[in-house]
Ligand code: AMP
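Coming up is one lone chain in structure tokens, specifically the form predicted alone.
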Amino acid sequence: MAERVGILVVSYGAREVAMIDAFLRSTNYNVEVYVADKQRNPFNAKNAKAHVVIPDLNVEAICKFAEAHKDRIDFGIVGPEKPIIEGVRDLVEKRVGIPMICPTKEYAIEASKVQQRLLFQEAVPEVNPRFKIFRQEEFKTAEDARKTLYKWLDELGNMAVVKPDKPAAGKGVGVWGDHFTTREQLFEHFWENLRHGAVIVEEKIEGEESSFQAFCDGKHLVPLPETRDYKRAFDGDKGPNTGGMGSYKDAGEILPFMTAADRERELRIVNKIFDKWRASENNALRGIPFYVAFMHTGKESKILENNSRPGDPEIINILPVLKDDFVDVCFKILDGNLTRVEVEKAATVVTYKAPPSYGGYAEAFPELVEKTEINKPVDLTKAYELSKKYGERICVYPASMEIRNGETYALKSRAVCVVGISETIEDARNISLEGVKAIKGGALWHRTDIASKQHIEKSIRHMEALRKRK
């Protein structure tokens, strides 16, 4: 008889559905999940022992839900950044006594881009692009700020990235050449952000991006295979940045455009930051405190940002191919003795479908939006039926979706993703796309070039050219 384990999951979308799916595949435990959810997600509502909807993922409400089921819950795990930043772990552990897998509030470095840059400057200054921190109180007038900013832009040759210190403050990250092409446009973006707090203006780095993730038990860092995320809304990396329209990983640890030396450099950098940052005997960093966006330049690697949570979609590439029982992995994280994780040697491709309101799609392609389908139910049946053909080589994970009167509706964000798993990226991509195309209704759309051969070859050629510039 398998041991019963109760797990609290704080859920936002498909990332947490992938976690719950990994828990439910456990062969060592009889798993009960208790889900504090942003919406009435169809997968979670069906599979949870208890399910509550908390639209703002308020930490007090999460804590009350944990308290109501504390006798059945052995530990909790958190996916989304907001409750981590707001101290859900500190609150639940103190008030309810349930151990939580995510960093404490103090170590949620995602809360401040300024704090990140200053930490990196201390631990590994070479990973920082050139940057300058601006605060509103430093300037008497907008004209003073403009002069100071333009002087910095002279040094950067205008190749700048504007970042608000806090997540979801102001107008978000803006990039020269993508979001603005004149200094006036850049200043407007900068000034709007400055009204909400500190702003970093840093050098725009040319290269190819990879996502590094590592499980952490507070003492050890256990790196996971590299993934590549697709932030831009539309094919060909056009359109605004999104939460990520899809991602891929190769069968091995690195991506096709990376070298073993690139990977070694990443490991060295993240371990340096870890060693600098953690306190002795400190478990405050347990979970995935290092989800790092690296930019490979052909010379040194730069860090664009670090997050204190699992990536969405990047962790969705990993969880379906974990060889270890995910419940055991979590117990080892809590015990402080996680030293390795086995991952199947398989390529995975994640493709998201989103509603027309997401990523500016309805405005960019009005002729492609099927008005008759908007606000109509979404049918996932045919996608789920592909498991008869592919078995565990396909996973369908609802994200920003909810059950209403027995039917599934897409909400405002990325609605559902399909993971394809195979020996090669190309085969995994074909499975993912087949699943995505089988999802009908809701006028949902997707990028068609996630992990395409052309996109990967372009990245390889770009890195080859950058390495020759040394």
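Note that the coordinates shown come from a computational prediction; the quantities given were computed from them, not determined experimentally. Residues carry their position along the shown sequence, with the first being 1.
Heads up, the form predicted in complex with ligand AMP isn't pictured, but that's what we're talking about next.
Trainee: Would you confirm whether the three residues I254, L322 and E342 all fall within 4.5 Å of ligand AMP in the model of the complex, going by non-hydrogen atoms?
Mentor: No: no residue has a heavy atom within 4.5 Å of the partner.
Trainee: Can any non-hydrogen atom of K204 be found within 4.5 angstroms of ligand AMP in the model of the complex?
Mentor: It does: once ligand AMP is placed as it appears in the model of the complex, K204 has a heavy atom within 4.5 Å of it.
Trainee: Wondering, does L304 line up within 4.5 Å of ligand AMP in the model of the complex on heavy atoms?
Mentor: L304: contacts ligand AMP in the model of the complex.
Trainee: Examine N241 and determine whether its closest non-hydrogen atom to ligand AMP in the model of the complex is within 4.5 angstroms.
Mentor: So N241 counts as contacting ligand AMP.
Trainee: For E209, is any heavy atom within 4.5 Å of ligand AMP in the model of the complex, or not?
Mentor: Yes, E209 sits close enough to ligand AMP in the model of the complex that at least one of its heavy atoms falls within 4.5 Å.
Trainee: Since the chain is shown here on its own, which stretch among 141-149, 158-166, 191-199, 84-92 would lie within 4.5 Å of ligand AMP in the model of the complex, judged by heavy atoms?
Mentor: Only one stretch qualifies here: 158-166.
Trainee: Pick from P129, P80, G218, P377: which has a non-hydrogen atom within 4.5 Å of ligand AMP in the model of the complex?
Mentor: None of the others qualify; the residue that does is P129.
Trainee: Among K332, K231, K171, R263, which has at least one heavy atom within 4.5 Å of ligand AMP in the model of the complex?
Mentor: Looking at the other structure, the residue within range turns out to be K231.
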